[in-house]
Ligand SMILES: NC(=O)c1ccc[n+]([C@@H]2O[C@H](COP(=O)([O-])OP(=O)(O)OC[C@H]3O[C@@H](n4cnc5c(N)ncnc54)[C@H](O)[C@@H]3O)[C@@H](O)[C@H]2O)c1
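Consider the single chain below, provided in structure tokens and representing the form predicted alone.
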Amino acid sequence: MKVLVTGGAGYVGTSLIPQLLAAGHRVRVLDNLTFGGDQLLSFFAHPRFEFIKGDVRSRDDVRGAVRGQDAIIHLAAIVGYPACRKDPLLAEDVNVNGTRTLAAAISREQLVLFGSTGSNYGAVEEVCTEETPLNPLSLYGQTKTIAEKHLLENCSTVAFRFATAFGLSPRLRLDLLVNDFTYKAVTQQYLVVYEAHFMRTFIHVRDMGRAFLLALDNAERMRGQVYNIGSEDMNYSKRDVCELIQKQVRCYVHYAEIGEDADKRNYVVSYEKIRRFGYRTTITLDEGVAELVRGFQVVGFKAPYSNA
């Protein structure tokens, strides 16, 4: 298939591209290179890879990018609680208006696979299924909820509400909980954790890519539906994550009794619906943390005004 990946230079996209190419698909990426393009360099050697520099909010850029494509994997977004809080207007413009621009440019014959998020659920006491009412607490979750609804109503869409991502990718992110905790444990040997009982469900970034490949192979059966993507085996509290990291990294964790996490997500999720298609995650949190610990040996970030 001919597959367009919007936001393909990002954390998920750069992990997904080699999976798509290995499966025999032709891959076109549309990205404005907010974080640069070095992470894409290795793909240009592949004859079935194509790159277009453009913005998902531009009608001309999007129309040109979607032309001739069988499927669009829509990842372009301002992603995560911190990034959306930093620039709320940009987050709404890209996540909502960019999605509307994309929807207006494609036909009903073109399949859209949307990278949505479990953040849409917010704080929920019962186990979340795809039928659980959405209650996004953050701007990120709110914009993703609006975008998801628009695509399902106006396009031939499969929407994936992903668990919280973790793991190494060519475009590494350190704002993700597991990545952040592991990096601080490795580099500072010290963690401060608020509301350690809060539950999250996690998924390795490469397992996220496998979900998109599954949808490309089962488009007719999955079209028009929402799926939680992850595994019940990967439901952990923040304390659980810290204790797992401590098995691999010598560090001190302070569980703060006073103070709170600005990101209030707290939920446990069911993945029964996607399992009907044979989907299982393949990389455990233990394995992902071990990968991060090894990878952080070559990652060097240093504050310019630090003397430590």
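So that there is no doubt, residue numbering starts at 1 and follows the sequence shown. Just so it is clear, the model here is predicted, and its values are computed rather than measured.
The form predicted in complex with this ligand exists for this protein as well; it is not shown, and the discussion that follows is about that form.
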### Query
Among Ala163, Cys128, Ala91, Cys155, which has any heavy atom within 4.5 Å of this ligand in the model of the complex?
Ala163
#### Entry: Sole residue of Glu50, Asp55, Asp240, Asp70 within 4.5 Å of this ligand in the model of the complex, by heavy atom
Asp55
### Query
So, in the model of the complex, is Ala256 in contact with this ligand at a 4.5 angstroms heavy atom limit?
no
### Task
Would you please decide whether Ala77 lies within 4.5 angstroms of this ligand in the model of the complex, comparing each non-hydrogen atom pair?
yes
### Task
Considering only heavy atoms, tell me if Leu214 and this ligand come within 4.5 Å of each other in the model of the complex.
no
### Task
Please check if Leu33 has a heavy atom lying within 4.5 Å of any heavy atom of this ligand in the model of the complex.
yes
### Task
Considering this ligand in the model of the complex, find the one stretch among 128 to 136, 185 to 193, 170 to 178, 219 to 227 with heavy atoms no farther than 4.5 Å from it.
170 to 178
### Query
Can you name the residues of 107 to 145 that have a heavy atom within 4.5 Å of this ligand in the model of the complex?
Gly115, Ser116, Thr117, Tyr140, Lys144
